[in-house]
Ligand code: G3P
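We begin with a single chain expressed as structure tokens, specifically the form predicted alone.
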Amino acid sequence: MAAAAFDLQGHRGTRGLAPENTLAAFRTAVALGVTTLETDLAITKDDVVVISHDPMLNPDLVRGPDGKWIVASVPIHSLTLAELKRYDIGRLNPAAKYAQQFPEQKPVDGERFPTVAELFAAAGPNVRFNIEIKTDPTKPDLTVDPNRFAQLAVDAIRLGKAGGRSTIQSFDWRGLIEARRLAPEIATSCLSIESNGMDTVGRTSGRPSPWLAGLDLANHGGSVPRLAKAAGCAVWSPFWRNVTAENIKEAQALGLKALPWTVNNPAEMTRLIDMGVDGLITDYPDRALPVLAAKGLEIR
């Protein structure tokens, strides 16, 4: 693998080090030297494309205008941008179990939900973007529909003149197929996971998964990389525990880049690099840097 090809992606900016999906997290990631900022999209009531992993306001992350942690979740799509900007997302709720997962995260009080336009402006001209369309075929009322979401995402990327350095990713492949139709110049990344907690592939269900845009695993030899290729993706991005040396080789033989998520343990980073992955998505780019250096891999 060519050293220059390795893609180090900061997950939600740098979730392990700074409040996730904030401009502070993106600045931290850029300062560390990541290749790509990985992030997530939501759509406000007035159709503004904003950055948020959750389609709802998350009580683990969000304080209201009164400075108190919110109690009830509210769909972002029910709020205008002006209303959304009243909420503070600059630290984790210390009472939440979620906060215990990221003891190194440093709060930055006063951070607000960024728009994607603000992300592009803050990131500068050299960094790439891996931007996730967050729709769920099992919960259609939480967001705009995938086709509309894809249109708004494409429009925002084009407006930011970031098409050549952006990838649109999603677990819900319906939006990816629509994004390819609308904007063949923007690469897409097919996300997948097979686990007890979440399974978008449905290998044992006996029917096509609702996440895969009508594509049937059985018609593609049980191969998720072959499914991703059929969906028009340039990247296959599996849950890191689903990665094997064999499926990485298969993906690359199909012309796909293989980019597992979310890898935070240096030993696992090393193991995956030895399998030949094209990059890693991590909450801790600082942990990945010495691993890449030891392997002789450069990210710039």
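What you are looking at is a predicted structure, and each value in this text was computed from that prediction instead of being measured. Position 1 is the first residue in the sequence shown; the rest follow in order.
Not pictured, yet referred to below: the form predicted together with this ligand.
Peer 1: Is H53 a contact residue for this ligand in the predicted complex, using a 4.5 Å heavy atom cut-off?
Peer 2: Looking in the predicted complex, residue contacts with this ligand include H53, since a heavy atom lies within 4.5 Å.
Peer 1: Using a 4.5 Å heavy atom cut-off, state whether D40 contacts this ligand in the predicted complex.
Peer 2: The answer is yes: D40 has a heavy atom within 4.5 Å of this ligand.
Peer 1: Within a 4.5 Å heavy atom cut-off, is F129 in contact with this ligand in the predicted complex?
Peer 2: F129: no, not in contact with this ligand in the predicted complex.
Peer 1: Decide whether W211 counts as a contact residue for this ligand in the predicted complex under a heavy atom distance cut-off of 4.5 Å.
Peer 2: W211: no, not in contact with this ligand in the predicted complex.
Peer 1: If contact means a heavy atom within 4.5 Å, which one of 136-144, 85-93, 166-174, 104-112 is the stretch that engages this ligand in the predicted complex?
Peer 2: Contact-bearing stretch, as computed: 166-174.
Peer 1: Just one of A187, I76, L191, I157 has a heavy atom within 4.5 angstroms of this ligand in the predicted complex, so which one?
Peer 2: Residue within 4.5 Å of the partner: L191.
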